[in-house]
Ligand SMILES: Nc1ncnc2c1ncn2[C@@H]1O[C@H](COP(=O)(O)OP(=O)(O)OP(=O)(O)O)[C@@H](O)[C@H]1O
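Just one chain follows, in the form predicted alone, and it is written as structure tokens.
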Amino acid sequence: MAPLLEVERLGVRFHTDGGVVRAVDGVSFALAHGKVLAIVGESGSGKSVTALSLMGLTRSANTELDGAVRFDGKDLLNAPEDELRRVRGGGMAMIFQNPMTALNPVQRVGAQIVEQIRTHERISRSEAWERTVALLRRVGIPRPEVRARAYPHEFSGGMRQRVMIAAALSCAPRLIVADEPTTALDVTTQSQIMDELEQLCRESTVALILITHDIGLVARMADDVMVMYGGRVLEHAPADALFEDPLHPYTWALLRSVPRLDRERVGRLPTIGGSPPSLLNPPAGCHFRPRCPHSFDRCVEVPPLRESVDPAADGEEVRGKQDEGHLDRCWLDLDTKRRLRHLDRLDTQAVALACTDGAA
């Protein structure tokens, strides 16, 4: 079966008064039906811009797009606006990071969901209202027939996020993009919302792109993980392979910063020194180079995203022993990466278990 979503060398550049911001630089991935892709990385790494570009929400006079985005075989990057409107909410839906700004503050939440349903389907207002109430009940809104007539400001943050999930599911999309859906929520509400989202996706075989800072959610939900930094993908691997054998120094630095729930705290959590690069004037070569303790002369060249290689005795490069489809963007050879990671004392399997336990 062909992938539901294919992204090839997606590039997004914003022309500003200060110069050109290359927010997304050559991002490629594919997502199959019913699978979960997690995109992780620090703020400013290009995660949200990638997601918004899939939905056609970064189009403006100062934006330059290149590459290809195909959803169910249809080209979205060059699609006219009326075709994109048919895809948004119908075939592909998005749960935005801040539901208070995503929902219309002067319109009742039920009316907003009804409007979305009737935009994509020929259905009466009463039938759309019945479906809206059923959706709100499904995501855990109490007294949905009453609460559907409330305004967004009358809901708590967790309840607004449930409304967003209901709206995303209203037209049975085949792909949901969740942009940090648990930001600014308490841990109990986070767990409830992710339980509901995971169950809803698994029951209906909806594909999910999960953008998050929460490594615990990644360990718990993801089939594949894409690590972004400075607008580029630095590592892309099946979730099990990434936790067992992270190959990019940035990835294992992220994992080292995860609190360990299975042992006593012995000191401050390790951090990544420095700051993410300015995308107006990024460093030459590997964008992580200024912060990487293992950089060397060749890092001033841009490394390709590929399976790791080891130098052979005859000067050629041969593929190292690793999981198929485990890609990273680093000039270090496979053995050196693993040796340096070991020196950093990162027990990756224990981190994965601790993350999963913490997210449960």
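One rule holds for the numbers: they count along the sequence shown, beginning at 1. This one's a predicted model, so the numbers in the text were calculated from it and none came from an experiment.
Quick note: we don't show the form predicted in complex with this ligand, though the next part is all about it.
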Residue-level contact is defined here as any heavy atom of the residue lying within 4.5 Å of this ligand in the predicted bound form; does E42 satisfy this criterion? yes
At the 4.5 Å heavy atom threshold, is L10 in contact with this ligand in the predicted bound form? no
With the partner left out of view, is L340 within 4.5 angstroms of this ligand in the predicted bound form by any non-hydrogen atom? no
With the cut-off set at 4.5 Å between non-hydrogen atoms, does L279 touch this ligand in the predicted bound form? yes
Give a yes or no on whether every one of T16, V21 and H213 sits within 4.5 angstroms of this ligand in the predicted bound form by heavy atom. yes
Residue among V49, V69, C330, V36 with a heavy atom within 4.5 Å of this ligand in the predicted bound form: V49
To verify the annotation, which of these, E145, D245, E180, E198, has a non-hydrogen atom within 4.5 Å of this ligand in the predicted bound form? E180
